[in-house]
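As structure tokens, one chain now follows by itself in the form predicted on its own.
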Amino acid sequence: MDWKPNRHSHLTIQEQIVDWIKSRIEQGDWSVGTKIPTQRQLAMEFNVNRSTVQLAIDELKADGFLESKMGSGVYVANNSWNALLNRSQPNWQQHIESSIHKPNYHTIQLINEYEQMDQIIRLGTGELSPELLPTKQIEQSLKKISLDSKEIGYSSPQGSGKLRRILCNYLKKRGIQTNPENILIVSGALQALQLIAVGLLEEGSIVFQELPSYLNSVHPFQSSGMQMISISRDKHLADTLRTLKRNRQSLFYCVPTLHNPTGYNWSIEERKYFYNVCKELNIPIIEDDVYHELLFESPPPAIKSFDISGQVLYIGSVSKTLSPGLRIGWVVAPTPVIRRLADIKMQTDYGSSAFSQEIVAHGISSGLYEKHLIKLRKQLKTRASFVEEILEQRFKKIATWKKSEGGFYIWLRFHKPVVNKALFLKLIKKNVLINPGYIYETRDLHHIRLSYAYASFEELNEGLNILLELIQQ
């Protein structure tokens, strides 16, 4: 919402809020049955007292525009006045509620909204700071890239042949031997998960994951009717999977290098044990490896490097390292899988950006990408040390954490269960945005995924001070 009351208007703040809500209804933006934002949300958006919003809503209820539903909230009313206004309008709320795609958690919707505001200190975002992006190098690359008409048209279903050939050589560093026909270029890792969900699994299939999990903050599998089951990777893994799987179709999603959100790294022994268990039980693996290039030390080999039977679907991306705006990632998988996913991708977007693919191909083949990674890892390590020093000085008595091994995050655990929705909202009022642990595991009120990758040093210092102050209160 960009609208704010005009404090110099001849109308009172309450009158302006009433008129604004009426306009949303009259224009059809809020049709019959739409649940309006809470009083707290509106007060925060409009920067007014909650009591002012309450009076405005009470007036609209009295006039028949709005109605309350016990324990549910306030909705646009279905009375004669609104029926007249909406006689020619479809009931979009009914369409929305009956659609197959699940809405995201309210907290994540707020995160997505507030991340776009310049005044917000982003302490949890999974994105590089603009100052860490190689903007000048990309600009220089654009001058060196030569294009022909075919290359900037629609690419083949699997993506640029040039980029896929370059990736074959590049992936050898991860111990992955593959061919261009076994690579699909996608618009980021999230699209890869969405394609797998709709293209390889039947409704009701099981997707195994660790807890906490990034998958709980997005819904590619849940919206396709899959059952998410979180389990521990312990010595009983085989028995647990065998018991839960039974005869149902399933796969296991994992982030073995710089796990999101915890930052944990699996050892080589853990990777081999996990692969062998899944292979024995015929459970395909999705290996999400988008962070491995940001490990401060040399990364262990990918699970895909052990794969001799097509058990592992491997996902990579440049969104965490080069530019999220390029929207370029890739899947490495057996030929039938790649063809299936490519077919679905062509049905949805007709291929990833030809220009973005050319930029990534040039960056990797010229060596510029690896030079950027060396510099980026040093910068991230400096930022991690800066945040860890603040934590050591100010948070040691109330929280614990593990020293970062790379990537973006520190998984900060408070001794007491203080990381709740109330804290999240209080921090937003102070212009600080966090990623609370409960978006990755609903019962987790102890953790924050603390990112050192986006906010400036000054913002990191200020934001952590505000966080400490509110928790101590």
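Because the structure is a prediction, the values reported are computed rather than measured. Rigid core: the largest C-alpha set superposing within 1.5 Å between the two forms. Numbers follow the displayed sequence, beginning with 1.
Heads up, the form predicted together with another copy of the chain isn't pictured, but that's what we're talking about next.
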query: Partner contact for Gln249 in the model of the complex: another copy of the chain, 4.5 angstroms, heavy atom; finding: yes
query: Non-hydrogen atom contact Asp63 with another copy of the chain in the model of the complex at 4.5 angstroms; finding: no
query: is_contact(Arg165, another copy of the chain) in the model of the complex, heavy atom dist at most 4.5 Å; finding: yes
query: 4.5 angstroms heavy atom contact with another copy of the chain in the model of the complex for Ser146; finding: yes
query: Candidate site Ser98, Gln194 and Ser356: all three near another copy of the chain in the model of the complex by heavy atom within 4.5 Å; finding: yes
query: Residue stretch of 384-392, 368-376, 266-274, 109-117 approaching another copy of the chain in the model of the complex, non-hydrogen atom distance within 4.5 Å; finding: 109-117
query: Interface residue in the model of the complex among Cys254, Leu190, Ile121, Leu237, criterion: non-hydrogen atom within 4.5 angstroms of another copy of the chain; finding: Leu190
query: Contact assignment for another copy of the chain in the model of the complex, among Leu200, Ala302, Ile364, Ala77, heavy atom within 4.5 Å; finding: Leu200
query: Sequence-ordered list of residues in 273-306 near another copy of the chain in the model of the complex, where near means a heavy atom within 4.5 Å; finding: Lys279, Glu280, Asn282, Pro284
query: Threshold 2 Å Cα movement between this form and the one not shown for Ile21, core superposed; finding: yes
query: Leu433: Cα shift of 2 Å or greater between this form and the one not shown (core-aligned); finding: no
